[in-house]
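Presented below, as structure tokens, is a lone chain in the form predicted alone.
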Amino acid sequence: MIQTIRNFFIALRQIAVGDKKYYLWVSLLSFLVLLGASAYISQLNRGLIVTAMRDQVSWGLYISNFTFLVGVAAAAVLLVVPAYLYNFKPIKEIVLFGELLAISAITMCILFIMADMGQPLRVWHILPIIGAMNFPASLLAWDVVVLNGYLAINTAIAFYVLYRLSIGKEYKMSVIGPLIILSIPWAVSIHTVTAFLYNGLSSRPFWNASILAPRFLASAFCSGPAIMLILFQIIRKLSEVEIDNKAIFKIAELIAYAMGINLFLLGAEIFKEFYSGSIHSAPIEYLYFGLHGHNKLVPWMWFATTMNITAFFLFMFPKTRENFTTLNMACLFVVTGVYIEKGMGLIIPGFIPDTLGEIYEYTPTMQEILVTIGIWASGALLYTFLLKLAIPVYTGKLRFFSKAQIVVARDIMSRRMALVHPETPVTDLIRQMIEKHLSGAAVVDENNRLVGAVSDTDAISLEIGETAGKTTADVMKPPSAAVLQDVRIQDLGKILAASGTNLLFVVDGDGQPLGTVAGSDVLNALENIRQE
């Protein structure tokens, strides 16, 4: 246990390591966090009067962001199901980054609730033992349970996986399997309970609809994965993490289905409200057309609707969702559209008109905006630090071994590699090696067995010379630099020296490539063992 804690603090040092861009990014986020903290301290001293929230509209920008972020956190289940239950390899390799996003999103949710409470000491009233939680009668108590439970589940899964990878071992499904199964209905529950918080207020007809919870989930499975798609592209561009396009395009396809359901449910709700023509349609009339000359939200709502419909069509057709330009446009559109629709577009109309028929138009104050920016910056900073901790472990750059442990090639290999066939055009081979920042490529046959290798030296000489019409078969060499996955680390250095290369391909008993071991991997592992 002591050694595990020691290793954890060693891994934490990765947070302080980075280039100028990283330090600039962290500095910017830290500045925004301090700006938000300053605004929150002012709110704490002067009270919620510094916000634009009043008795008529008692929820505003804070709860709007909370509602949106609950959906972002719940959307991690869209990766968990295909990754763990259906073992879809492209998504299974990146589900960890979705779980880290869920941790960050739930943390922001809790911060927004604290900001909306005014005095943070009020949270004592809903804590078990210390206060009166009123569980299970209180929906607020249910919200506390599901949010904190979901945070604990994702934290346990993510850090267990990272721990196993850090010692060169595969994670055991027997350990995290029950948590993964539990996380699926729990992800649904965090957004369902949030919907029920609004749904249960019978005096607010705008929220008093039975399809509110399904609408929440449908919109969550649009905006959350869209944010993930943007983040995945940034991660693979700025790090050595390899993210297959198949995973990105499959998630985009799932978003298309969710968007179709979301728009259908929204349309059903709009029809019900406007076709009935009852007095209860006043909130939605205010939202889309204005009410008695009050129309601050109208242009925002039509803008959000346009964004959502446009994004749906971009996601629906394979030609546009598999083109990164239009895909990223669609992601930005759906995040913007859902943020407006599910944020201010959901919260504010529920209070208009109030129970006395009065209309109070809410507009966030600068104090609220600064606190909101600070909380978002806190979440971005947390996710950045989690990635800095996770990526070196995930890519095999950071491993911890004991002197008594028998370390083999499988324990220190990197699973990042370029796989090509003999008939692959040389231009495609070079493109793969450049995009993945690799110094070698494995050549496999139709049975995925290693039959040759191409080094970066070969690729450079080919790039200078004529490549037209040439295939990998014209330049590949015999796979002399290949080792079985159970070769001991003490022997890997000897093999590297004898082969005259700095990159070994690790294969299984059938000759299928599993990963690569570089000279630096061997040196890092030996150094870690010596430090024990």
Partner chain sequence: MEQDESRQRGMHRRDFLRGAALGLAGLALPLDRADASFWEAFFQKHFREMNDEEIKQVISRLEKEYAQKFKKQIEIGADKPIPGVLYGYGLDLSRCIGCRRCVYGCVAENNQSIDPQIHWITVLRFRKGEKWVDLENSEKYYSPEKVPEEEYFYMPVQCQQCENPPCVRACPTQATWKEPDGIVVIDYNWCIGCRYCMAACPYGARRFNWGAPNRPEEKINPKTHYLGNRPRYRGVVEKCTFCIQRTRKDPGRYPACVEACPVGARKFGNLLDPNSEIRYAIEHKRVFRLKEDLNTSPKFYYFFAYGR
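Residue numbers count along the first chain shown, from 1. Just so we're clear, the structure is a prediction, and the values are computed from it rather than from any experiment.
There is also a form predicted in complex with the partner chain; it is not shown, and the following applies to it.
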Exercise. Where, among 389-397, 345-353, 174-182, 213-221, do residues come within 4.5 Å of the partner chain in the predicted complex by heavy atom distance?
Worked result: 345-353
Exercise. What is the one choice in L151, V335, A252, A282 with a heavy atom within 4.5 Å of the partner chain in the predicted complex?
Worked result: A282
Exercise. Though the partner chain is not shown, can you say which of A132, I369, L238, M329 has a heavy atom within 4.5 Å of it in the predicted complex?
Worked result: A132
For this session: Consider D116 of the chain shown here, and say whether it contacts the partner chain in the predicted complex, taking contact as heavy atoms within 4.5 Å.
Result: yes
For this session: Please check if F232 has a heavy atom lying within 4.5 Å of any heavy atom of the partner chain in the predicted complex.
Result: no
For this session: Classify L35 as contacting or not contacting the partner chain in the predicted complex by the rule of any non-hydrogen atom within 4.5 angstroms, answering yes or no.
Result: no
Problem set entry | Distance check, S203 to the partner chain in the predicted complex, heavy atom within 4.5 Å | yes
Seminar exercise, completed: Of the residues spanning 286-308, the ones with some heavy atom within 4.5 Å of the partner chain in the predicted complex are L291, H292
